[in-house]
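This document starts with one chain, in the form predicted on its own, laid out as structure tokens.
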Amino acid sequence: MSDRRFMLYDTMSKSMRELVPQEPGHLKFYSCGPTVYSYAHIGNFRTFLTADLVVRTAEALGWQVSYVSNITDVGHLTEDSLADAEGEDKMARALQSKEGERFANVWDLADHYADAFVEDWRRLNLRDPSVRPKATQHMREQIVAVQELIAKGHAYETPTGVYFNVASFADYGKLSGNRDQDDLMRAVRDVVQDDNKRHPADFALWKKDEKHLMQWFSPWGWGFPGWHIECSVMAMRYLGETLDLHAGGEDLRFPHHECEIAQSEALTGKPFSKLWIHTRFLQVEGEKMAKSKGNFFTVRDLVEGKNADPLALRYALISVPYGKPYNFTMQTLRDASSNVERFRLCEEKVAAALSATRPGDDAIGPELDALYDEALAAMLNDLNTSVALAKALEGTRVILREAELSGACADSAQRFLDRINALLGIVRHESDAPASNSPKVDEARIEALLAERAAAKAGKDFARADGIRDQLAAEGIELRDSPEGTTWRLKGVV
């Protein structure tokens, strides 16, 4: 490939721009992580997968990537879709819920869901970030940042907390477009009512609250930080004052990312990030996810509850480019399972050919190299996963069409599968996490049923043979007949 420019749609400029690291060959990338008050749902993971694909594409170019994705374990309030939030802390509310009854305190709850998040992250074959910082582990830096904002005239103290003064930052609203007073007032009409605030859009950097379950002592008394300040502090702590790229879900564009920009640039006087990308919302079966509708799915709901193949779930969640709204359906997941199975069949075929070391020319290498280059070109074009996946599947057709692979063909096929996996993460797991949490099965019983089925077929008792197949299918076990015999596997989705 002669043109290897990494192009992304920049939310700030509303245009396609080339991602050019400030330090040649070294990408400094921050992506907002979860608030760990519950299990992350598949919409959350669509956003995290976007960040994972950025990392993989950058590494395919040979870049070093410093990738930071945080964990919010304090300060995210229930009304944080507003510029200045009110309501309960999401962590505290979770502790009071039925699910929260099993935890002794809010710290245990946070640790449990943080661990569960990382487990689901690895199930879906996401690369671990260079650093995964927690807000509660960077309290000193947040307090110091608030002190500096006060000293620079960008923040002020009231009886209830410390607020950022949006009037002191002329560019407030440049990411979201909420720049003039009318737009800004519409965007923040339901914010915290505090007569001591100078402007309704001013947002909290520190909340004074001696009754909060998680609190720290600060120059302004006992309390806890606002949600927005943590990301600014942790991003700059690990990546410097100006990032190459910042990512997150489209719901974070305002207020979270807008507030990040204001406080960060007020602190440093430098651009906070050169580029911004935002993943569009996910629906399920044409509707917004909601527990009341029965269409709200976490990763473990699908992997453990419906026996979904985690790689198939990954495939499904990246099948539509991040910049487009996505309607997730169970049929999408079934189709993804079939496609992932093609990669597994290729791996089996390649492994057999490599062990046999058959002589012969490399009849497929150039074709596979061209397909990989086209897949990479698609990813460099604003992470066009639909095209990249199509090229990857075309590669499986090339491998599977050969009756037998020569040793040279097998080498090329292995190289193609390795490179596609590095780019898209859909061929095999890279982490130490198990590929799934599939329920354990009684293998001896299944083998006995297969033997009984074979005997029934030999005796022309096809009704009994079909009955055994149907019985196993109802248990989520798929049979595959071949001249060499019958094999079985757990289905991708029950």
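Keep in mind it's a predicted model, so treat the numbers as computed, not measured. The first residue of the shown sequence is 1; numbering continues from there.
Below: the form predicted in complex with a small molecule, not depicted.
Colleague: So which of Leu252, Val303, Leu376, Met214 reaches within 4.5 angstroms of the small molecule in the model of the complex, heavy atom to heavy atom?
Modeller: Checking each option against the small molecule in the model of the complex, the one that comes within 4.5 Å is Leu252.
Colleague: Please tell me which of Gly248, Pro310, Gly226, Gly161 lies within 4.5 Å of the small molecule in the model of the complex, judged by heavy atoms.
Modeller: Selected option: Gly248.
Colleague: Taking the small molecule in the model of the complex, would Asn44, Phe48 and Arg280 all count as contacting it (heavy atom within 4.5 Å)?
Modeller: Yes, all three are in contact.
Colleague: Is Thr35 part of the interface with the small molecule in the model of the complex - any heavy atom within 4.5 Å?
Modeller: Residue-level check for Thr35: yes, a contact with the small molecule.
Colleague: Can you check whether Met289 is within 4.5 Å of the small molecule in the model of the complex, heavy atom basis?
Modeller: Yes, Met289 lies within 4.5 Å of the small molecule in the model of the complex.
Colleague: Would you point out which of 446-454, 26-34, 460-468, 53-61 contains residues with a non-hydrogen atom within 4.5 Å of the small molecule in the model of the complex?
Modeller: Only one stretch passes the 4.5 Å heavy-atom test: 26-34.
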